[in-house]
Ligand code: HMG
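Take a look at this one chain, the form predicted on its own, written out in structure tokens.
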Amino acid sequence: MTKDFGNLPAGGSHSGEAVGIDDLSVYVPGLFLPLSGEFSLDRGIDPGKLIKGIGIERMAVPDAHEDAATMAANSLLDLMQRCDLAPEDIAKIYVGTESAVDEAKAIGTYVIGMLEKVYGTGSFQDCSTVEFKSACIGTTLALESLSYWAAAEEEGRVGIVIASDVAKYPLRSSGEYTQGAGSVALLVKKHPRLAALEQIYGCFTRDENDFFRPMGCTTATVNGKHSNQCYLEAIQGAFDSFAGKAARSGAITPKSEECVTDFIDHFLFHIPYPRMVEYASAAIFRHDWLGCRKGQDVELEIGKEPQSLDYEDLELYQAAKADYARRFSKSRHFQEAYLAKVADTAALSRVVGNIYTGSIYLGLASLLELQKIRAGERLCFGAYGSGCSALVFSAIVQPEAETVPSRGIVKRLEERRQISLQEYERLHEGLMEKSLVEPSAEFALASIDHQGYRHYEYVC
């Protein structure tokens, strides 16, 4: 299909200027635990279930001096140095996290305090910050909000969106092997080099108990199967909302037998574990292809989708639907679409694990590091936050995208230190008094005083 993106709206201000993501930086702790070997043996889990079943090979583990605030500050410092940004260039820092280090004080103020140890006291005083909490969709809501500010900005200043999280579940729980940690900082401005937002947002929200962390708890509660179902239903609802708005705006107008997904080159989904993006994309493609030529081709391959009217028993109907979904995910047409448009986004997550609200942007980093995106392509982001909310939006890859220098993320991940199961468990429970790797050229938690206030420093 020939696609013409030349006249599409792309996140403009009143003057029609493009707004979006200019660059990004990723910070991942220098420690990791393999899920095969000691971990799988001790937990009595087939390593194949972990590596192939959920798609995670290694999970990043924060050292004793690391938390969501230090990771956020480290990713932002790297971004500033990459892009030659001075503190006065930055007007806003919005942070999405569900690993906040304080119940009241915004994590961004800690980040600013750390950055001022490098740039000087008061250097960020003309910068505002706020924390977004909405499970794993927080950073995406921050990006949406900041993009509208950037479109109206007339002084040439930029905004920063930071995702920073430590995914943590109880030891030996069913969610333990989907842990991880990391931070992604996004530079948001007019005339972005990477991706211009089309400012079309489809949303879906309802009240659910699929995942939550009660006040005072350090680990989350997950209702696994229910959470997966909420994710799929919310993403599908948000995609329908997005498709309707895209059609009304004239951005995506499928002709007869065409589908909305035909106009999208890469799908980036929230990645609680890599296999979930396969489930999410299967749900989207299967739904979008109904009534289209591709849907008819799939029917020829695996048969028609079960209809409720053909079943007197609800359980039999649900079982038939589940079986059809499995067959659809193995169909030739879906596998071709998945490999072409989705699979590469999970490359980094396989060796980092879940970083909650930043995982979708770790997917963008994967595409960039693998050099998989090209100017003019449309990216479609599907963010999900338990509880539950979803947001689907799009962006157009800009002509300068291929000129943005690589971040060397793969090399840095290869240089991490592997830790033992015992070391991991002591870090998890907060029993490690000293860091396994002494901090160097990074921000670190120095102490927590008698009031519970956290003190940070920059270690040269």
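Residue indices: 1-based, along the sequence shown. Keep in mind the model is a prediction, meaning the values are calculated, not measured.
This next part talks about the form predicted in complex with the ligand, which is not shown.
Candidate stretches 41 to 49, 27 to 35, 410 to 418, 426 to 434 - the one whose heavy atoms come within 4.5 Å of the ligand in the predicted bound form: So the stretch in question is 41 to 49.
Does every residue of Tyr169, Met276 and Tyr279 put a non-hydrogen atom within 4.5 angstroms of the ligand in the predicted bound form? Affirmative, all three are within 4.5 Å.
Taking the ligand in the predicted bound form as the reference, which of Phe269, Phe239, Phe132, Tyr231 has a non-hydrogen atom within 4.5 Å? When the ligand is considered in the predicted bound form, the option within 4.5 Å is Tyr231.
Name the residue from Cys136, Ala72, Val352, Leu186 that puts a heavy atom within 4.5 Å of the ligand in the predicted bound form. Filtering the options by heavy-atom distance leaves Cys136.
Quick one: does Phe334 come within 4.5 Å of the ligand in the predicted bound form, counting heavy atoms only? Close contact is absent here: in the predicted bound form, Phe334 is far from the ligand, nothing within 4.5 Å, heavy atoms only.
Could you tell me if Tyr177 has a non-hydrogen atom within 4.5 Å of the ligand in the predicted bound form? The answer is yes: Tyr177 has a heavy atom within 4.5 Å of the ligand.
Heavy atom of Lys255 within 4.5 Å of the ligand in the predicted bound form: Flag for Lys255 set to no.
4.5 Å heavy atom contact, Gly224 and the ligand in the predicted bound form: Contact with the ligand, yes.
Residues within 4.5 Å of the ligand in the predicted bound form, restricted to 381 to 412 and counted by heavy atom: Tyr384, Gly385, Ser386, in sequence order.
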